[in-house]
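First comes one chain, alone, set out as C-alpha cells in the form predicted on its own.
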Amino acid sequence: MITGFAGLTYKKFEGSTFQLLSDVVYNAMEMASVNSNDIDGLFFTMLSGTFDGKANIHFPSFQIPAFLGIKPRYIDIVDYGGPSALTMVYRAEKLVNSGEIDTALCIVGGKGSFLRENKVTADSVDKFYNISLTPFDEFFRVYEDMNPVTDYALVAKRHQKLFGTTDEQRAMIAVNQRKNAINNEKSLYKSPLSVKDVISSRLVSDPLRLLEIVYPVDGFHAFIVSKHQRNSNLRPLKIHFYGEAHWAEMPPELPDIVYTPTIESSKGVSLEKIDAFELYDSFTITVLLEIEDIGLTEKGKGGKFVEEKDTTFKGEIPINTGGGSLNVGQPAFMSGGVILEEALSQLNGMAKGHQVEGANRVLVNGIGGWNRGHAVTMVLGE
C-alpha cells in the first residue's frame, strides 16, 4: 500500500538537484513513518539534462542510494517518461505483496530550469550538448524544430482536419483546469482564465498557443510503498486496475497520429464509479486524446465533450482536479508525479480548496514518448 508521498516544485530551485531530491524524499518518509534503513527497494527515472544540467549522472543506481543513505536489495529504473511514476508504484506493490521487499521508494523528477533557460527541452537536448539522441537522427531530425511542441502541434492540426475540433474547444481544457488550480496551493498559475485569454496568447506552434503548453519546472515527487502501515494516516488504497501499452512505430507507420497507446492500456477498465480523472496534460491536445482513448467519448468527439461537460472539481466529470501540470508545472519534463500526487490527495481528503466530494476511486492515465510511445492506466481506490 502507498503509505507516504510528497512533492515539491519550484519555478527555479537554487540548490542542487540532489538537495531538492533529498527534501522530497524526507517528506515522503516522514509521512510513511519510515527511515532510510527501512527502504529496501528503489525505483527511479531521469531524463538527460535534468540533474544540474548534466547530460547524465554516472551510475545513478549507485549515486542516488549513496546520497540518500539507503541500501536497497532491489533497484529498478523505469524509463517510460510520463507514465513512469505509475509503473513504479505498481511494480513496488507487486514486490511488496510477494514478500521480496518490505518498503520501496519511488522517485521521479529533476530540474527543468537549466534546459528551459538555454531554450531547449529534454527532447531537444542534443542541440545543447551536440550529441545524438537516437540511431535514426540523421534520417528524421533534419529540420529545426521545437520538439516536442511541434510534434503535438502536428497532432492537434490533424485532429482539427479530421474532426473539425476548434481552438476554442481545446482552450476549454485550459480554462477548466485553471478553475481547478485557483485554490490549489501547489499551483504556479492561479489567475482566472478565459477562452479568449487562451486563444489570444502567443502562437507557439500552429495551432498550439502558449497557455496550452506545460511550463518545465524544478521538482521531484516521491512515493513510499510498504507493507507497514505504522503511523501513516493514509487510507489503505488498492490498485483496482492497471494496464500498460508500448508502441514502437514511427508516425508514418501508424494508422493515424491522433490515437495513443491509452486505447490499449485502458482496455477493460470500467468507467463506472470513477470519481475523478487525472490525465497526463503536457498539452491541451494530450488531454483531449486521452478523453477519447479512455472511452469517455467516441474518437473525434473530444472537442464536443469538453464543450458540453463540466470538468471542474465540482462538475459532473472532474478532470485534473488540481489544475494539472498546465498549472502546477512539469518537473523535469515528466508529469506522472503531478497527477499521481493529486490522485492520492483526492483519495485521502487532502485536496484543500479543490476536493472532489466523496472521492473513493480515481483513474490516473500517463502518456510518454510524445503521445504515441507509452501509456499506463491505473485506478486507485480503497
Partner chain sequence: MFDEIKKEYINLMNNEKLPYIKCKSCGNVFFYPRDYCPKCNSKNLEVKVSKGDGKVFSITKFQGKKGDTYYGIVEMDEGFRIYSNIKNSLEIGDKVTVEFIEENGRKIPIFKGLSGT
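Since the model is a prediction, treat every value here as computed from it, not as a measurement. Residue numbers count along the first chain shown, from 1.
One more form of this protein should be noted, the form predicted in complex with the partner chain, which is absent from this view; the next part is about it.
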Since only the chain is shown here, I'm wondering whether Pro251 would be in contact with the partner chain in the predicted bound form (any heavy atom pair within 4.5 Å). yes
Partner contact for Asp145 in the predicted bound form: the partner chain, 4.5 angstroms, heavy atom: yes
Since only the chain is shown here, I'm wondering whether Thr150 would be in contact with the partner chain in the predicted bound form (any heavy atom pair within 4.5 Å). yes
Since only the chain is shown here, I'm wondering whether Lys119 would be in contact with the partner chain in the predicted bound form (any heavy atom pair within 4.5 Å). no
In terms of non-hydrogen atoms within 4.5 angstroms, which of the given stretches 255 to 263, 237 to 245, 167 to 175, 77 to 85 touches the partner chain in the predicted bound form? 255 to 263
Within 4.5 Å, heavy atoms only, which of Arg158, Lys190, Lys227, Arg230 is in contact with the partner chain in the predicted bound form? Arg158
Ile182, Leu271, Val195, Val204 - the one with a heavy atom within 4.5 Å of the partner chain in the predicted bound form: Val204
So which residues in 122 to 145, when you check the partner chain in the predicted bound form, have a heavy atom no farther than 4.5 Å from it? Pro135, Phe136, Glu138, Phe139, Phe140, Val142, Tyr143, Glu144, Asp145
